[in-house]
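Take a look at the structure tokens below, where one protein chain is shown in two forms, each on its own, as structure 1 and structure 2.
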Structure 1
């Protein structure tokens, strides 16, 4: 038998209240792209963190290139040739892009001549950019960059490792746009050619067939299947079934009823330099979908509507009443809630508990005398959200940072639902959410739309198309399509978002 690149056997990792890995096995061959799949909380990221030295396994063995090794720290993993792009890359916001890329690895020529060092590093970083040609300014502090740019920096950081023999990518494409995904896939194919093995985690099943040679499905911290992606009978539905342990009947809920009255009506909203006059309405019984690529203005549109950015023009009415939304606090007070696109930066208070986060935007609901928190009510409120959204957590007192990525997203949605608002704007609502849970969230959004105004905004065209009753497309800060969903096809919508031209 051919020697394996990497073999992990009997891996156990337990956290308080949760056994994240329960005797997991994982085998990686030389020069293959191996997709690691599983629902939220299945243990994928935990396995990766054991492999890359972030966590130490409670039990189990790791064999790399035929030699059993002990990975006691992230540095040890890097030295062993394992490069990792984490699901939640840690960076120093005040450091520039290239400084973050070489963080901890800038050892050569440190100290005395920081200027020369910086120049050298920048040159090396530019060299990396030739291999992975994304469009970012590496001299800007990472804190000022968008989520997609941060992800690219994380990938560049992994690619900068010399002597790499295994590359791990934990959900890189949940944030990247089509363009970067194309570049990334190109890069993956090249690395594979040169004999490097790649572990690829994703919730986008079509990518599995595009890029992976084999796949492994995890459930409850154990592998339930490993096979070739070209094997007979392996398709979306089958993989979803393996992940969930049950059949998935449909992803998108049925379309809505003919619309009722307007809940939200926005006229000529604009932010100079970002997007021009835009008008739209959200009606009861109806979902408005807004599709646009990153940079098309959808992000600014959401933030301006929500009062984070200050509009240069426009009028917003909620239930026929004119409202001035100068801040998110105003927006929430008037019944408008935004589930933001960048969950980690804008959505969640990671260090605090699930309960803390769920009630944060509407604490009055559990407060006595207007300001004293009744902790029993708080727990009950949080538990009811956990049940409603099927959030996997041992306890509502657990810190959000300890939840798996997809479950963190559900906490942010739960915080929104708890405000019991009138209008909901969901920006990229299912980032990092598994197929089964996605269907659950879509259904919840559909149910919500029965008596609230609902707008779904995002760069995942299929999702917007599958969900909405009325489709809007933005391109370079302008609305380039605005018609009932029944009158457009998916390809038209996508093309329109890519080129800005609505062709018949």
Structure 2
């Protein structure tokens, strides 16, 4: 048997309350493109973070080109010959292509003021282009380049390491057009022919059959299937079945009653280049679920609805009244609140107290003389929200960053409830939250839907299906499913998000 390029065996990684990897196995052959698949939370991202040195495994071993290695940091992974290109590669826009390629390794000299020889760097970068011929001007600032050119720069940065033998591509097509995807696939084939082994992470099953030799499906922190993409019986529907693989858990509350009147009505909402005309309603008494994967447009939809991004078309009505939501302040003033998907970056001020975070979206309620915060009212309001949402905190004066992930999420939700709005949009409401906290959040969302308009948006198909009374699915910026949940099967919903169509 030919020696493997990479073998990961018995990999275990635990976080508080969660075993993200449970004896995971993964094998990568020399010069192959191997797709790594799984629903949100399946463990594939954690496996890659262990491989790239972002996380350190609690148990297991990694063998690279027949030699067992220890990966304790991102630099250790790079030194071993493992490079990872993440979706939407991070670069310095004002730096040229060749400067970004060698960022952090600009000089071969040492000392306090190492000398950077730009002509030599440019010559080295052009040498890489001879091995990996792409049409790109390396002297232009990266900020002026197209998305696929930035992706190429990121790959060239990986290739600049002389011993690089394994390349991880994490959702590489999420921001690319169809034409750009074709260019990227040609580049991947060139890399494969040069002997580089590639791990390809994607939610788009069509791409798996176009570019991958083999695929591995992860579920619940383990490898549940590995096979050739050309194997008999392996198609989109079978992969969806492998990704799900189990009945819905009993953490979801009962479905809602027949819906009452419309609270929110959105007609032909659009954002040029991101998503096309989209219409939906949110009603009292039930939950609208919107499912979509990376590149589907769900994040842009949420931000456009909340006024963070400026729509190019569409009309929004709340309680039958047309509203112009040009900013988050407009949205909140008109009764619409978004609980964002990234709580740390978008939902909370981590160094501030629980009390401050709760009142942040409606500080006027506890302000005196127009601007001074009445501290007693602030504490009372915060304690009231702590009790309502069962937030575990020693005191409302404690910094939010000291709380567990589930309790931080509840604080962000509490901030929304404090606005006393009419419509609540929950984006990825339980990311980074343990199972126990999830059940509490689901119960709270269901209770809220009794007299408010509630929309739950996310990339966890099981969660959206388990919560919603009406299911909407987005794929590449358009709505491809819009049905009552009672008329939809979970596997249909997932397949629709993966391919844009569902098998009856």
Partner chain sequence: MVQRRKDISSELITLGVFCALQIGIMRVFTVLEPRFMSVDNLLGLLNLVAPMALVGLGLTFVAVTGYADMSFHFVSCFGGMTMSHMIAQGLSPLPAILIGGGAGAAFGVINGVMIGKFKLPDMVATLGLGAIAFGMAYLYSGGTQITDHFNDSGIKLLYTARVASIPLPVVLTAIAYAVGFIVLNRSTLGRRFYAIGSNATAARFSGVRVERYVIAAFVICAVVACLTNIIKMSALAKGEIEAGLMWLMPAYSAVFVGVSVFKKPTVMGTFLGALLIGTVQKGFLLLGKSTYVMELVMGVLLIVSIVVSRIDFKEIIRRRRFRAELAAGGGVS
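For clarity, a rigid core is taken as the largest C-alpha set superposing within 1.5 Å between two forms. Please read these numbers as outputs of a predicted model, since none were measured by experiment. Numbering follows the first chain given and starts at 1.
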Where is the form predicted alone shown, in structure 1 or in structure 2? 2
Against the rigid core, is the Cα displacement of residue 150 between structures 1 and 2 at least 2 Å? yes
Examine residue 38 after superposing the rigid core and state whether its CA is displaced by 2 Å or more between structures 1 and 2. yes
Is residue 296 one of the residues whose C-alpha moves 2 Å or more between structures 1 and 2 after the core fit? no
Please report, in Å, how much the Cα atom of residue 223 moves between structures 1 and 2 when the rigid core is superposed. 26.8
